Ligand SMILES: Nc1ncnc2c1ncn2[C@@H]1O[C@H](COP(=O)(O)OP(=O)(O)OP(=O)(O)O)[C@@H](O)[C@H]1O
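As structure tokens, one chain now follows by itself in the form predicted on its own.
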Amino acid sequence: MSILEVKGVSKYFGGLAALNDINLTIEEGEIRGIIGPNGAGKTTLFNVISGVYQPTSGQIFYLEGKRIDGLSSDRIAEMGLVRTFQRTALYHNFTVLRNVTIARHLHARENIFGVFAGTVKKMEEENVKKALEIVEFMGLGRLKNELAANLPHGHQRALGIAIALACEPKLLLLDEPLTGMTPTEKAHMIDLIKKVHQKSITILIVEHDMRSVMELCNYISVLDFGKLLAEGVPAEIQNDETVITAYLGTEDILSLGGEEVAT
């Protein structure tokens, strides 16, 4: 059963087509990788799906066929389609636990109107309890009272995912979750992403680290110059001549790295 369908989506900036007639179907329970060379449109695709940008044309359907193109990013997140960003958005002067608790508040804000003060207090206690569970789940329990600004890079990335989990996603979009990490941090993050997936959360991931993509994803879509170039299981993508050509002619796409220039 599909959880997300992108149908004929294009996004133009002036005369530049950042996305050109993209069609994607994401099945519930997948870990889908989105890869492509610099400037391929990967981050633009995430921005369009999550409501940061509106598509120039095309339609996007989520969770039992609800059309979401045209909705605000806040509304889309409330529906359980939640994303992270290349640059982790944290409240740096708040503690780890407070960051996740705030995300819980934002997720639950529409439910607090018209309730009694005692009920609000109970809801606050429940928010803190759930936030602490998420912090522990993401391996940040011993750092719960540490300021976000003081965390090492890998832990800041984990906190970014914890904040996303506070919004109770059904579909989680991870934008470059391994950026800037050491090999040890990458291995730890890969394990965390697998744990998140085991909570019945479908994951769509943009990532440049090809070894990690091949390890994590059960299906991969390749973008190039805003177009869908290829799709398949990791072994198919790894040996696809059109994909190899798109990656500047390299014979081993596992060797690729670097940062995407967002379009």
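Start at 1 with the first residue shown and count on from there. Small disclaimer: the values here were computed from a predicted structure and weren't measured.
The same protein also has a form predicted together with the named molecule, omitted here; what follows describes it.
Asks: Could you tell me which stretch in 38 to 46, 233 to 241, 194 to 202, 210 to 218 has residues with non-hydrogen atoms within 4.5 Å of the named molecule in the predicted bound form?
Replies: Result of the contact check: 38 to 46.
Asks: Taking 13, 16 and 176 as a possible spot, do all three reach the named molecule in the predicted bound form with a heavy atom inside 4.5 Å?
Replies: Looking in the predicted bound form, the three residues 13, 16 and 176 all sit within 4.5 Å of the named molecule (heavy atoms).
Asks: Given that the named molecule is not shown alongside this chain, does residue 53 nevertheless sit within 4.5 Å of it in the predicted bound form, heavy atom to heavy atom?
Replies: Close contact exists here: in the predicted bound form, residue 53 approaches the named molecule to within 4.5 Å, heavy atoms only.
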